[in-house]
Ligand SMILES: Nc1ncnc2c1ncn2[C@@H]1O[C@H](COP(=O)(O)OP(=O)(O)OP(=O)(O)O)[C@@H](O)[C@H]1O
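Consider the single chain below, provided in structure tokens and representing the form predicted alone.
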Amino acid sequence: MERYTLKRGRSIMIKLSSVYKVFFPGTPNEILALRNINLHIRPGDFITVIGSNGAGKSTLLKVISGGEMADEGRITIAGKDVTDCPEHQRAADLGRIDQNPLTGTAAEMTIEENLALAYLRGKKRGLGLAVIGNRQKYFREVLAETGLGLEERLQTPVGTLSGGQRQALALVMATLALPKLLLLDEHTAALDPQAARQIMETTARLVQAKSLITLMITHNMEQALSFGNRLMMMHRGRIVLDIAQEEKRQLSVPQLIAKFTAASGSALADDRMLLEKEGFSG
């Protein structure tokens, strides 16, 4: 059974109403990826999303961003119905980072040029230079928040950076224009443990400093419990748990697994999640 714990007095920024998504409909390979998703996301929400492979987590983010279109139901962002809007029409309101550090940045361009493109997202573009003195100062300031020294390397081609550095840059780029919603699809999964910790620390700082509404998918249950004010768990296309901060901070990983089993009616069968629970993975 789906349940939601919503704080009173906060307006709804993102709303999904009775959303369904089916892949390969009418064929033997039909997959009901999202089943009657009803979700309210409010200002101040940092929601971690966890679930087994095939639970519908990435599909949920794609339906919100317009990467996939909902087959049924409605989606609104800041009061605007975007259900039928293609991805590029939603882009100005959303920041998104995927697993692969190579996809969120342009390797052949410099750090400064990548940031300039992100800075201009959703703005009218004139004929002047994208990078000017004041913007360079601003770029240095926001890069300094990553703690990786990137503010001293504005002219460095992004293709020469490490995976962690590129993901940190992608995070800064995704938050530069203050999106209405930040979508993070396992954005630390491809990184080594040290880089993953650095990116999560940077994520937490940016989300708090910029008051960003955030939806973050993770396979790491400790991460899901440690970050954010809500935790959602998905199973077979449904939201089976939506745990508020007051309850979340009291939970251990074994207790979370027990709650999942009770809510879904099945045992957790994702080896990657269980290995990360036991500390065998970063």
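We number the residues from 1 along the sequence you see. None of these values were measured; they are calculated from a predicted model.
Heads up, the form predicted in complex with the ligand isn't pictured, but that's what we're talking about next.
Residue Ser58 is the only one of Ser65, Ser58, Gln223, Asn229 with a heavy atom lying within 4.5 Å of the ligand in the model of the complex. Here is the short version: of Leu241, Ile257, Ala33, Ile213, the single residue with a heavy atom within 4.5 Å of the ligand in the model of the complex is Ala33. Of the heavy atoms in Gly54, some are within 4.5 Å of the ligand in the model of the complex. Glu186 belongs to the set of residues with a heavy atom inside 4.5 Å of the ligand in the model of the complex. A residue is said to contact a partner when one of its heavy atoms sits within 4.5 Å of a partner heavy atom; Tyr20 fails this definition for the ligand in the model of the complex, lying far away.
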